[in-house]
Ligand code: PMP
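Next up: a single chain in structure tokens, the form predicted alone.
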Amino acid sequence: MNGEVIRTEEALVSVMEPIYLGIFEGIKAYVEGDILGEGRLNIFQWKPHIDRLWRSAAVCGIKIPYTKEELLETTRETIRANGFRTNVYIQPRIWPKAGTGRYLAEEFHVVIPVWRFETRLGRDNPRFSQERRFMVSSWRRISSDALPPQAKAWANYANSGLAAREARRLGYDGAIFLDRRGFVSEGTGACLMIVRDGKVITPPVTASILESITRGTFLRMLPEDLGIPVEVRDITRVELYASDEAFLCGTGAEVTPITSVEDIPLGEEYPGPITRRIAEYYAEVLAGNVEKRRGWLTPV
């Protein structure tokens, strides 16, 4: 926090801090060789993540008082100080300091918490195959002329929170947004991909989605490594209902299969064969077991 590694219970700020004006990034580090085991950690796609943090800062008028290399070394130091040897979540958070003008602030807090998490990936992991019923939210995804959905800003997640609470209240496991035009956008915290006739289809950035690092990774990885064709285009609500498979992808979601939407089952097999194939290969990439993709990993 602000240049020092400190205990979580000591990382305190005033209740007057304008945290809601901040930005953040979601990054993960996985165990080398076997992401369900213990051992040396590699950060996945550090550079694209940290580049997106800088873009979010530019859009939101935030000045990051450290270099990208300094944030990397601080992240490594924090993971090592905790002695972590299992998968960890890394979440850089930046917001204006109280009393520095808020909207035109010149000074900012920089905090990088890290904590353990349980992956849903890995061979025979029961968490991957859990059934997940989704609904189409009555809340629309925020439009880019109101808030910047392509930036990872805290304010945007109030939109997600409303949709997630609606889904839970109605007995669903999650929600999918439509954009202001009525086309499919994304989930409440992850991008959406559907499968139709062996092809993976995902909405464009213009559908008010976050510029997801995982989505970008898949757009390259699926056709190049797995021979799965990918199409980026608008998706109608009807196409979503009629898809053979659907899954969320993101740092937090990893690969999250969706069983049904509005209680309409997707396909004849769950998880779908293409979703399962993608998840299994992605787990190998994260573990550093795919030599051609070792460049996506940064050792801790």
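The numbering used is simple: start at 1 and walk along the sequence shown. All values reported here derive from a predicted model rather than from experimental measurement.
Just so you know, the form predicted in complex with the ligand exists too; it's not on screen, but the next bit is about it.
### Task
Just one of 77-85, 97-105, 151-159, 221-229 has residues with a heavy atom within 4.5 Å of the ligand in the model of the complex, so point it out.
Only one stretch qualifies here: 151-159.
### Task
Establish, in the model of the complex, whether R132, T202 and T275 all lie within 4.5 Å of the ligand, using non-hydrogen atoms for the distance.
Checked in the model of the complex: no contact with the ligand for any of the three.
### Task
Go through A167, L178, V114, L210 and name the one with a heavy atom inside 4.5 Å of the ligand in the model of the complex.
Filtering the options by heavy-atom distance leaves L210.
### Heavy atom within 4.5 Å of the ligand in the model of the complex - the one residue of G189, G122, P92, G174 that qualifies
Of G189, G122, P92, G174, the residue with a heavy atom within 4.5 Å of the ligand in the model of the complex is G189.
### Query
So in the model of the complex, does any heavy atom of T214 sit within 4.5 Å of the ligand?
So T214 counts as contacting the ligand.
### Task
Spell out, yes or no, whether the shortest heavy atom distance between L240 and the ligand in the model of the complex is within 4.5 Å.
Contact with the ligand, no.
### Message
My question is simply whether A246 lines the interface with the ligand in the model of the complex - judged by any non-hydrogen atom within 4.5 Å.
### Response
So A246 does not count as contacting the ligand.
### Message
Considering non-hydrogen atoms and a 4.5 Å limit, does the ligand approach G267 in the model of the complex?
### Response
No, G267 sits far enough from the ligand in the model of the complex that none of its heavy atoms falls within 4.5 Å.
### Query
Can you tell me which residues in 246-260 come within 4.5 angstroms of the ligand in the model of the complex, by heavy atoms?
Result: C249, G250, T251.
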